[in-house]
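Listed next as structure tokens is one chain, alone, in the form predicted alone.
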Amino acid sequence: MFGIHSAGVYPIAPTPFTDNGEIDFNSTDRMVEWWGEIGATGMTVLGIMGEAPKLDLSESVAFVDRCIKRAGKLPVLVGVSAPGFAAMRSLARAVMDKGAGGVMIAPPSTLRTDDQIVTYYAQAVEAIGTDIPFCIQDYPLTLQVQMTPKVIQKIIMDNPSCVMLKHEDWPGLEKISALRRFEKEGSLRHVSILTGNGGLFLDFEMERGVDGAMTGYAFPEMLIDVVRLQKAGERDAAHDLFDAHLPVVRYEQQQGVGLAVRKYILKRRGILASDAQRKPGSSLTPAAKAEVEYLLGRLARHDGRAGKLPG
């Protein structure tokens, strides 16, 4: 299991598919092994960008099992969010039996009040079992659920099995500061905070006290390096590297086509055999591909990893 002090970078796995929509396990192996080679400290599968709703239970478990077997000692966090608690429990128990380190739970978009959010997480923990470590996913831009720092504080303090927060609020820097202030004041126990949003605010989020990133980006090496540099106190170097990648990060963060961009670049990097999404899904137009290639060419002037694309 991952510990409560998990830090570093947990890349979010896109689910690799073949052109005909089947799970591509060969690309899965290559992707997971690559993360270990470049210094990831864990990985997250079946997240929102992993097309999890397009998989049935047996496919989800098979994909998680393959990732765990290839991950070695790296902890694997699994998204188990579902419309009902029965499905959530089935998936959570199944992946834990396979060796997952813990699960991630996102709130359903129907929740509106603070009490509803707190009650939901209490019921989710009861459903999956208090023995399973879990991560709160706070992603209001997509999930349409607003969690205040006080609500997150209460969920953490009410549920000892909560060990991590995936922070994806936007803007969210003040929320990070508030949570770390609660911790210093003694009203909140320590949990790891890893950030998302494609790393779009990672440069300053590290300075506000997060432990690293849990997100997808076609160059996860940048995320790993920025986290390392910030922890080493090399602020300017961290920002310089981040700034060089920012145009690509921004382009990847477009709603509706972001996953298509990421998969396209991962295919260009030789990680994925296909950039296909399982239907319904998006794809890049020739104009969009040309824009991505232009951005990659500009990035290569500052980071040689962008110039070593076999595709």
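Sequential numbering from 1, following the sequence displayed. Small disclaimer: the values here were computed from a predicted structure and weren't measured.
As for the form predicted together with another copy of the chain, it is not shown, yet the points below apply to it.
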Interface check vs another copy of the chain in the predicted complex: of V61, A273, M49, V257, the one with a heavy atom inside 4.5 Å is V257
| message | When another copy of the chain is placed as it is in the predicted complex, are S27, G99 and H190 each within 4.5 Å of it, taking any non-hydrogen atom of the residue? | response | no
Item to complete: Mark D203 yes when one of its heavy atoms lies within 4.5 Å of a heavy atom of another copy of the chain in the predicted complex, and no otherwise.
Response: yes
task = Determine whether any heavy atom of D236 comes within 4.5 Å of a heavy atom of another copy of the chain in the predicted complex, and answer yes or no.
result = yes
- Residue contact check: D56 to another copy of the chain in the predicted complex, 4.5 Å heavy atom: yes
| task | Find out whether any non-hydrogen atom of R250 is located within 4.5 angstroms of another copy of the chain in the predicted complex, and reply yes or no. | result | yes
Of 261-269, 239-247, 62-70, 37-45, the segment with heavy atoms within 4.5 Å of another copy of the chain in the predicted complex is residues 239-247
Contact check, 264-288 vs another copy of the chain in the predicted complex, heavy atom within 4.5 Å, ordered by sequence, gives K279, P280, T285, A287, A288
